[in-house]
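Given next, in C-alpha cells, is a single chain: the form predicted on its own.
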C-alpha cells in the first residue's frame, strides 16, 4: 500500500538565467505545481519551491554580450521566470534567487564547515573545460573531441583550484542507492547512477579563480576564488528554508522531494547527496526524474531553433488545457514529442469530446427535464451500483498514481472514468426515458448519477486545471471552492440545486495542418512521394482483406523469459477475449497497457510466440525505434470496425 506523509516539500530545479524560459521549464514547474496541489487535496501540509540560478561563466558572458552588468542581466531574466508562472496558474510558496543575501550566506557557511573538516583542499589542475557545462570534462566523455551536449571542443585550462573530497563518499553513496530502491524514481535512473559509480568517483572542483571569473559567491576561506556554480545552486533547496535552524527547515527538510529533468541527474544524484553527507545534513527523501520534450526529433535547444514558447502555446490551447496535455502525454520519466497537432488532438479527444461533452449533455438534459435543477435520486439499479463502485475504486487508484509520481497514469484513469459515464448515459438513453412519464424516476436517477460522477471528475481534475474546474463547479451549481478529497464519493451532490445554463467548457478546436482522416492523409502523402516509383504498392483488394477493429486491453502481463514480449487479453466485442502478444515490453509496462483502447488487426492467422498464443496484432507507430501505441478515443466501443 502506497502511503503519504502528512508533510510534503517539493522543489523544481532553479532555472539557469542565461536564456529565456521555454516549454521544458514550464513542464517541470507545472508538474511540480500539480503534484503539490494533489498532495494538498489529500490533506498534506505542502511547501513548493522554485527559483533561478544566477551565477557562473555563461551568465557573465551573456551579460557582456548584452552590454550590461551581470546583476542587471540576471534581474531581467529572473523576472521573466517569476512573471511566467502566474500565467500558467502556478502557485509556488517561495521563489528563490541565488543572488539573495540569505542564500549567499548559507553557501559560505556550509563551505566553511566542510573546509574546516579538512574535506576541501587546494591543488593545481590541468584539464579540458566546457564553458557550456561549466565543468571540466574527462577525455572519455568527449565525442570526436567535442562536448557531447554542446558540440564544441572544450578549452585546456591549467590553474589552481579548490576540490571537494567527493571520492570519499563513493562507497557510501553506492550502498545507499543499492539499499533504497525507491530513492530515485523512475528506477532506471537509479540504475544509471549505480552504473556511473562503478567507475572511480573523482574529487569535485568547487572553485573558479577570480582572474577568470568574478561573477559568483566568494569562497569564505580564500577571497581570490568564487564558488563553482553547482556547489552554489544545489544549496538553494536548504537555504530557502532557513538552514540550519529556521522554522521551515526544521519542519520541511526531512520531507524534501526534488523534481528534475534527466539532463541534471548526475549533479543531483551524485554531487548533491555527497555534499549533504559532508555537511552533516539529511539527504533528500526522493529524486523524481522526468524525460525531455522532443521537438522536430531533438531535445529543445535555443541553438537548434526548436524552442517552444509556453505563453504562445497557452494562447493557442488555453492555460489549463496546456497543463493537461503536458501532464497527460508525457509518461513520467520518458521523452515525449511536442507538436501543436498532438496537443490539439489530445484536447479534442479527452477534454472536448469526452469530459466536456459529459458535463454539457448531463447538465442540459437535467435543466430541460427537471426545471433547471439537479434531479432527485431514485432507486439505484445495477448500472448505477456498478458505476458507483468503479468511481469509489477509481478515486483511490488516482491517488495511488499521484503518490507514486505517475500523473500521466492518474489522468489516463480519469479519462477512463469519464468514458464510463458517457457509456452509462448512452446505455440508459435518458432522451428516450424523457418521453414517458412512467420513466421519470428512472430518468432522474440516470441524470443525477451522471451529474454526480461529473462532480467527482471535476474534483480529480482540479489540481491539473484549476481555473477550468472552478468554472465546472459553478456550472454544476456548486460554489467556487475546491471539493474536498473526502467528498469525492458518489451520492453527495445535492438534488434540487439550480444548474446555470451551460456553455461549452472545452469548445472543439481545429487540428492544425492535419486532415480529419489520418489514413487519407497518409495515402495522399505517399502518393506525393517523389520516390513513389520505389514503393511496393498494395492493391485496394489486398487492403480490404485486413480487418481492423478497436480493442480494449483488459489485462496485460510480461512473457516469462522474454525482455521484449507482453501478452495482453483484449476485448474486441466478441464472446471471448483474445490473447495478443506484442513486442512492447521495452516501451510500456503491463500497467501502462491495461485499460488502453487500441487498434487491432483482427484476422491474422493465430501463431505461438514463446509458448503463448497470439490471436491478432496490436498496432504501434515506430518513432525512431520507439514503439508508441496508436491511441483510439476511449468512447469508441470495443469491436468497432475501422474503415
Ligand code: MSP
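These numbers were taken from a predicted model, which means no experiment stands behind them. Positions refer to the first chain, counted from 1.
From this point on, the text means the form predicted in complex with the named molecule, which you will not see here.
None of 23 to 31, 63 to 71, 610 to 618, 586 to 594 except one has non-hydrogen atoms within 4.5 angstroms of the named molecule in the predicted complex; the exception is 23 to 31. Within 4.5 Å of any heavy atom of the named molecule in the predicted complex lies no heavy atom of residue 552. Contact check for residue 237: a heavy atom falls within 4.5 Å of the named molecule in the predicted complex. Contact annotation: residue 263 falls within 4.5 Å of the named molecule in the predicted complex, judged by heavy atom distances. The closest non-hydrogen atom of residue 163 lies beyond 4.5 Å of the named molecule in the predicted complex. For the candidate set 290, 328, 208, 468, a heavy atom within 4.5 Å of the named molecule in the predicted complex is found for exactly one residue, namely 290.
Shown without its partner, this chain lists 255, 268, 92, 413 as candidates; in the predicted complex, only 268 has a non-hydrogen atom within 4.5 angstroms of the named molecule. Along 45 to 67, a single residue, 53, places a heavy atom within 4.5 Å of the named molecule in the predicted complex.
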